[in-house]
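Below you will find one chain, with nothing else, as structure tokens; this is the form predicted alone, and questions on how it binds or moves follow later.
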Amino acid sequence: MQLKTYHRSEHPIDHSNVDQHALSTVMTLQQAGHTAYLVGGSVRDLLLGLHPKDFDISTSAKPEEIKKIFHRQCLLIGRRFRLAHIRFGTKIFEVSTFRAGDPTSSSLIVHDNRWGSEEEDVMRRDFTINALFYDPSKELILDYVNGVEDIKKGLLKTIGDPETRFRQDPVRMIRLLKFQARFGFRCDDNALVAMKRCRHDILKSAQARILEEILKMLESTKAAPFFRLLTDFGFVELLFPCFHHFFADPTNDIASRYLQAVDEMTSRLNHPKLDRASLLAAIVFPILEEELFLLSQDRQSSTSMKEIIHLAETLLHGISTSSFVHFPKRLLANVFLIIVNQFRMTPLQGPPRLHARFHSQEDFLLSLDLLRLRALVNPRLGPICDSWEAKRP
């Protein structure tokens, strides 16, 4: 491991793109006598000319020392991974203490609170592109793992042996596909081979971490390529068996079209962030629609609203019980309302029949978001969507 340093004239980071409160946090730690850097995704994104959503900070200060420095601004969280959250109004900056770990051990990481040096901290991180330190006071990049060159090459590479690192923390496999979808980077060949060998280890992961990665990618504008990669590498089959046939069917591109619509709507700067229930409903609704079509074909008759409700309940129950992750009850309850309301807003037969208070209810706005997505997939729904949009409270 050889440290490379990149001075201001040797890297493209624009200091003005760094959040001022993140800078303040780093400077405060440094002035208190500690080493502190911006780290991880924010440094990667700055090098790529992107605007980071989050600015994480890594420091030699222990959590209790960070608390003493920032007082009421600081909240210590986590047991498995002890962190400090520094608050500036509604902004929260995550500050972690340099950690040590054995990068050659294939044992699943259960606890991660062994303090170490900055060099040790780098070696326990996942990918080279995420293991760069940036010292904003000197405008200096510290690179122990050749991450700057890998970013230039567009290469995703694990730190250390990929099979070992995936067995330590199987969520790294999902993150690898996430970065491939987000940046279009090429995966290192050894990492691809290791991912195929370690695929089933994903079922050893914490359910909450997997769900959060999935939901974040639905919000990322790269949901379509991400789910294609998840399907191609067999993770949809393991994590969401109910979705597998739908995503894997080469003759049916409806799932991809809905996810492309999600990406298109999310990327619109003038559109507010889509609720996670609407995003999940965009995956569930076309499955329900397909099931209803098959049911009506078998019976050669239309389906009643009562039957639609029953089928929606059955489908969501099947998704909940068969999926590896645990979906929160409130999330699934909102998904149920959203997908059932589609058949009230665009009934299979006859005009819409809704009670007067429907337009003022929260689920109306969530249902309208899914109707907009449906109109992107099927432009014939555009005029209907516009008519409902005009009734928006």
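Numbering starts at 1 and runs along the sequence shown. Nothing here was measured: the structure is a model prediction, and the numbers come from that model.
Here the subject shifts to the form predicted together with ligand ATP, a form of this protein not shown in this document.
The closest heavy atom approach of residue 56 to ligand ATP in the predicted bound form falls within 4.5 Å. When contacts are judged by a 4.5 Å heavy atom cut-off, residue 179 counts as touching ligand ATP in the predicted bound form. In the predicted bound form, none of the heavy atoms of residue 63 sits within 4.5 Å of a heavy atom of ligand ATP. Though the partner is left out of this view, residue 82 does not reach within 4.5 Å of ligand ATP in the predicted bound form, counting heavy atoms only. For the options 204, 273, 216, 87, the residue carrying a heavy atom within 4.5 angstroms of ligand ATP in the predicted bound form is 216. Residue heavy atoms within 4.5 Å of ligand ATP in the predicted bound form occur in exactly one stretch of 334-342, 63-71, 30-38, 46-54, and that stretch is 46-54.
Proximity to ligand ATP in the predicted bound form holds for none of 257, 367 and 372, with the criterion being a heavy atom within 4.5 Å. Within 4.5 angstroms of ligand ATP in the predicted bound form, the stretch 114-146 places a non-hydrogen atom from each of 124, 125, 126, 130, taken in sequence order.
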